[in-house]
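As a starting point, one isolated chain is supplied in structure tokens, in the form predicted on its own.
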Amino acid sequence: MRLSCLQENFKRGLDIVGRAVATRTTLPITQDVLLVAEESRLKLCATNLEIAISCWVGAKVEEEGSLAIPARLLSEFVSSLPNDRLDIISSGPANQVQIKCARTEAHISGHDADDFPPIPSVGDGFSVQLDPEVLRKAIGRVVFAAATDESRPVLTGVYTEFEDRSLTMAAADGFRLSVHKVALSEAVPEKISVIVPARAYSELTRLLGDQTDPVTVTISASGTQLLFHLNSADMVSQIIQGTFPNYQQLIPKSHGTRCVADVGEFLRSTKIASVFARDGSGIVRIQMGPSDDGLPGKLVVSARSEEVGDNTGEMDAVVDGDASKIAFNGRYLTDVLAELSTGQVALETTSPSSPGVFRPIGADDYTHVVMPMFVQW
């Protein structure tokens, strides 16, 4: 293998695939990056056996070849080099690569490319194109609600369903549920649903970056793998096998109180209350009162701890129905309000022991359900 490329481009490629490099593994070679010199470009690949990322770097290839190089060492070395031309040379059976840049030179021991796990090929299957900004927003709306506990693998993924002209994503961890719907530009030929690892979606949002062209999503005919094709990178993810809970049953069909408040004010009050809630099991209390004598309704956010003290924040709100109170985990509240970020949000409740439902005002594409915490009022 003999090639040359710019340090800046090589570093960018290593940063892209580096997210898929395994950290703790029983297969040491998954801590490597595979370099493949072919035609007039350099292909970089990395995999942790759950996701695999490939990207291409423009290069002048004099001799084709491939080699697996320890990712961390290679990345740290290349990041330290000046923005100049890199010469990469590997010859002979020693599995060693020579890298030259300006007046710096290094020799790095690698591994045979044949020992590197094969990057899955999705091939033909169900395929659809998605707007990158729409996809990024949809992922952000749901991925934080996925479980991190591996005891129920299906809950560590995001339920992804294509049907007719819509894409629905749902994630739940047993305490909260996020559901987001997206309109597709074209109808899909058949209904198909898969469970995509939340970690894969998180990495995809980083890859999207300044992507403006549509992202092609391909699901393998076997239903075991998913490919995201971007301008200069591909990501393949394993699909979680299993049955996702019927999330529609978890969304309350009615409410006794509906409170509409400014997202920014609500978020600020929640963050302040969370400071006092740290030593109080993270409990943030919410009280909603309807308007009286022409005055605006009230939303009161509070928290207290025997050791630290207490805090109360009050804001104007439009409250329909009876006065109500409910308590939530402060982090769950902050997560959903931070994702909504601006505008107004509606909080619908039935009783202190029933789930609370959050919906953005002016859009019917998002629903977030949070289980309450039981407190002494």
Partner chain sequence: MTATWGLIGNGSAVAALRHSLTQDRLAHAYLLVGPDGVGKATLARALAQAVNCLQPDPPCGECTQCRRIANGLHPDVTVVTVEAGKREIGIHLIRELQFSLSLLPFEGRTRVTIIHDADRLTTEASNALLKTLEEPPPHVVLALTCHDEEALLPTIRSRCRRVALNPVATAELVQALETAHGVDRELAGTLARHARGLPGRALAAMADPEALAGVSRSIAQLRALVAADTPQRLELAAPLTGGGGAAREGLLALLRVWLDWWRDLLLVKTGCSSGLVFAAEMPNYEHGAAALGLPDIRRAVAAIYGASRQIDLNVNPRLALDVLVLRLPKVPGLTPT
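Keep in mind the model is a prediction, meaning the values are calculated, not measured. Residue numbers count along the first chain shown, from 1.
The protein also exists as the form predicted in complex with the partner chain; that form is not presented, and the subsequent description refers to it.
Asks: Heavy atom within 4.5 Å of the partner chain in the predicted bound form: which of Phe116, Phe276, Phe228, Tyr201 fits that? Just give me the one.
Replies: The residue in contact is Phe116.
Asks: Looking at Pro214, Pro153, Gly282, Gly140, which has any heavy atom no more than 4.5 Å from the partner chain in the predicted bound form?
Replies: The residue in contact is Pro153.
Asks: Exactly one stretch in 46-54, 31-39, 324-332, 61-69 has heavy atoms within 4.5 Å of the partner chain in the predicted bound form; which is it?
Replies: Only one stretch qualifies here: 46-54.
Asks: With the cut-off set at 4.5 Å between non-hydrogen atoms, does Met288 touch the partner chain in the predicted bound form?
Replies: Met288: no contact with the partner chain in the predicted bound form.
Asks: In the predicted bound form, is there a heavy atom of the partner chain that lies within 4.5 Å of any heavy atom of Pro197, even though the partner is absent here?
Replies: Yes - in the predicted bound form, heavy atoms of Pro197 and the partner chain come within 4.5 Å of each other.
Asks: So in the predicted bound form, is the partner chain close enough to Gln238 to count as touching (4.5 Å, heavy atoms)?
Replies: Yes - in the predicted bound form, heavy atoms of Gln238 and the partner chain come within 4.5 Å of each other.
Asks: State yes or no: in the predicted bound form, is some non-hydrogen atom of Pro120 no more than 4.5 angstroms from a non-hydrogen atom of the partner chain?
Replies: Yes.
Asks: For the heavy atom contacts within 4.5 Å of the partner chain in the predicted bound form, list the residues of 6-24 involved, in sequence order.
Replies: Residue within 4.5 Å: Arg24 only.
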